[in-house]
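What follows is a single chain, given as structure tokens, in the form predicted on its own.
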């Protein structure tokens, strides 16, 4: 009985292996035009993304630094002397207290920013979805932060937070309060960068959720109102389920973007005071481009960040699928 079961399983596996290439061949034959259309894009992505990614993974398995990497000085060509060290860089990073401190702050930063992005964006979207005087003007004003480049917004907010001549401290003085060293204290510096990122990210959430709100049939609200449902009941029973697909997409995108939000941290606080506001991606940059440049260590930090985001995206997608979402 056991032998026949193993034989059946082996035959089934062989059948699947035979069916796999067949399906691929049939798909290519039926949709060759689609493959031809996307082929140039795939080739460009392999060159622009695949090669640097493969190079980064390779460097993460070596001891490449500024001292032993190949370079050209005038007519002198110095060859690379770095060596393959396996998983030493990963072990060093994952066993260091620094990594777990940065990971904890990165998670707090991401959760706080995405929660505020979604909460404030949803509130504004619900408000702008109602009949309101000057609604178009409000929409334009609220979307303006999204149109401002991130580096410009970072420089503007850095000026606003300035301890000596910043506008925020100026307003505090007019109110009879003392100045605050916004970027000099770890707590206020973290709150400051979260506020800047929320200011930049809310318009995207607002626009996406507003589009989702306008796709919900008005008849559902009218029927619920006739049945006596209050505003909170209509919001909970109609609005939130109607926004489920949009919400799942923007939350995942917002999480990935915020997790890797380099310009806000780097340009507003430079990672300071000390390195208190540095997230994983800014620390990887510091490893590669400041002080004694540790290319292999920076590459290992980058690969770890990539793996964490892949695991997050796959887990998030499976969770949504288990709840009936078509993702």
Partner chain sequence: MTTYGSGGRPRGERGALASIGLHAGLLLAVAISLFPVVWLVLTSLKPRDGWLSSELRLFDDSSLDNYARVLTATEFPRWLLNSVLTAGLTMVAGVLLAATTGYAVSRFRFPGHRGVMWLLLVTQMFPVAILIVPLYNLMAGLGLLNQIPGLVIAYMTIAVPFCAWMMKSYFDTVPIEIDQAGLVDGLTPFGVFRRVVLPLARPGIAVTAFYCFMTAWGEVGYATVFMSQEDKRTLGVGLQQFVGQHWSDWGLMTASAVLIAIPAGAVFLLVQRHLVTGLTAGATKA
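Numbering follows the first chain given and starts at 1. Definition used throughout: the rigid core is the maximal C-alpha set that superposes within 1.5 Å between two forms. As the structure is a computational prediction, the values presented were derived from the model and not from experiment.
In what follows, reference is made to the form predicted together with the partner chain, a form of this protein that is not presented.
The stretch from 184-192, 134-142, 111-119, 96-104 that comes within 4.5 Å of the partner chain in the model of the complex, counting heavy atoms only, is 134-142. Residue contact check for residue 151: one or more of its heavy atoms lie within 4.5 Å of the partner chain in the model of the complex. In the model of the complex, none of the heavy atoms of residue 180 sits within 4.5 Å of a heavy atom of the partner chain.
Among residues of the shown chain, residue 171 is one whose heavy atoms approach the partner chain to within 4.5 Å in the model of the complex.
For residue 156, a non-hydrogen atom is located within 4.5 Å of the partner chain in the model of the complex, even though that partner is not displayed. For the stretch 267-293, the set of residues having any non-hydrogen atom within 4.5 angstroms of the partner chain in the model of the complex comprises 267, 270, 281, 284, 285, 288, 289, 293, in sequence order. Once both forms are fitted on their rigid core, the CA atom of residue 32 lies 2 Å or more apart between the shown form and the other one.
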